[in-house]
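Both blocks below hold the same protein chain, though in two forms, and each is given as structure tokens: structure 1 and structure 2.
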Structure 1
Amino acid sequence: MSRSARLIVFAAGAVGLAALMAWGFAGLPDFGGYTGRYGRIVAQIAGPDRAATNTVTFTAFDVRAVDTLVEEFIVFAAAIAAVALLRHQRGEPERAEHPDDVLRPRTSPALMVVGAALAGPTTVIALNVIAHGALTPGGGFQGGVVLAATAVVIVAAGARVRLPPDEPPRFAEFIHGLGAAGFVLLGLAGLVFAGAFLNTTWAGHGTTGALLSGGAIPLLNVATGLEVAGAIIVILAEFLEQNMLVVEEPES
């Protein structure tokens, strides 16, 4: 199909879609006038039932924890897919002859200083965001991304990395799998100790506002944080290996 014909077909479809969207949106509640019961009920039970003060995390990791499990596995699958797609192809220049090459990013002194200075604070912020998921805005997904950023900052600071060809970084792959398995195991713990998969009450409530409160929600956040951080580091390492790192010249 030629380009112009394709655009005409698309235009016809898009006009129809726009009309359907206008029709559908007309039936939605006015902006600011949400009256659904779901949000109100969840907000009412978060405190008394689970000692969780962050209703958003309570929803994601307790009321709808199965949805979050599936989202986590999308991240898990995406990381594996990226590794599979970016693996060494036949007919490409071989790196396998020198599997022990030490790779180094092209970096500048200013970037090295900033990277080195940021590595510590970023780690602390990441752990803080993950640990307080049940209490304040934050949680495993957000903290996991910040944790992965720590690895990026360290590489930007000029860290030498060894990436064996055809193999994702072992440590990141390990915490990636540990996080995914941990989420399922915590769900099974709910099944064994509280009678329902991903029931979080078995871990006890704790005092409202304390670091260890909200049942198993903090544990689920830690699992998610590890999984997300591992997945993103695996993906970034694969992209880095493509051509952003240079083989370090042996020092003479």
Structure 2
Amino acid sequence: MSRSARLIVFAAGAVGLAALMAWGFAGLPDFGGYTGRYGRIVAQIAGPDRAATNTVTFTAFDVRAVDTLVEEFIVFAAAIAAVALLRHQRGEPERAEHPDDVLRPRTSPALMVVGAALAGPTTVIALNVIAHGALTPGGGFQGGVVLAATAVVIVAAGARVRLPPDEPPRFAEFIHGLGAAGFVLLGLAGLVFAGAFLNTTWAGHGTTGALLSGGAIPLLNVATGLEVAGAIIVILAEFLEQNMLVVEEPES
């Protein structure tokens, strides 16, 4: 296909997409306008029933907590799939096994200083986002990603990383397994103590705006944060190991 023909095809598609987007945006309600009932009901019960001021997190970890459990296990399965798909197969090059077989990204002194300075604040921000998920925007999913970013910052700043061949980092594996199991156990606690799976009222009510409020929602956020952070680190570690593979010389 010639260049002019490709431009004609692109222009026709772009015009059609622009028309569809204009049509869609024209039908949107005004900013701040909401005509649904579901959101209003959730907003009315979040405070009195759970002392939660973040209705989004209240919805995710209470009203539709089973859906959130499924989403968490999607992340869990993604980490397992990464380990399974990136494992060494027979005939593939193996990474040399030496005591000093480590990965140390090339970096600069400036990046090392900036990385060291950002690691601590990034961890604090992650813990704050997870702990205050029932009160302010955030929660376990967002905080877990930020917590995993701490490891990325440390490695990008030039940290030496030692990865045993064919093994994910055990600590990260333990963390993301603990988070997934913790979510299920908290759901079972609701079944035992409150009569329904993932019922968060068994952990108490608390004072609106206080850290210890929202029933078991903060605990579910912690479990989710651990699972997400651990799973992301496991996936990143698998990619790092692929980078550390040594291509063997073919035998002559």
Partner chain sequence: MTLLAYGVAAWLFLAGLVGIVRSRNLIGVVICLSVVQSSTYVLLLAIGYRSGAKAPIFADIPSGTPVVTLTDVVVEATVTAVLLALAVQAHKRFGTLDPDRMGVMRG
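These numbers were taken from a predicted model, which means no experiment stands behind them. Here the rigid core means the biggest group of C-alpha atoms that line up within 1.5 Å when the two forms are laid on top of each other. Here, a residue number simply tells you its place in the sequence of structure 1, counted from 1.
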Which structure would you label as the form predicted alone, 1 or 2?
2
Between structures 1 and 2, rigid part of Gly140 equal to that of Gly39
yes
Angle through which the smaller rigid unit swings between structures 1 and 2, given in whole degrees:
15
I need the CA movement of Val9 between structures 1 and 2 once the rigid core is aligned, reported in Å.
15.7
Per-residue C-alpha deviation between structures 1 and 2 [Tyr34; rigid core superposition; Å]
4.0
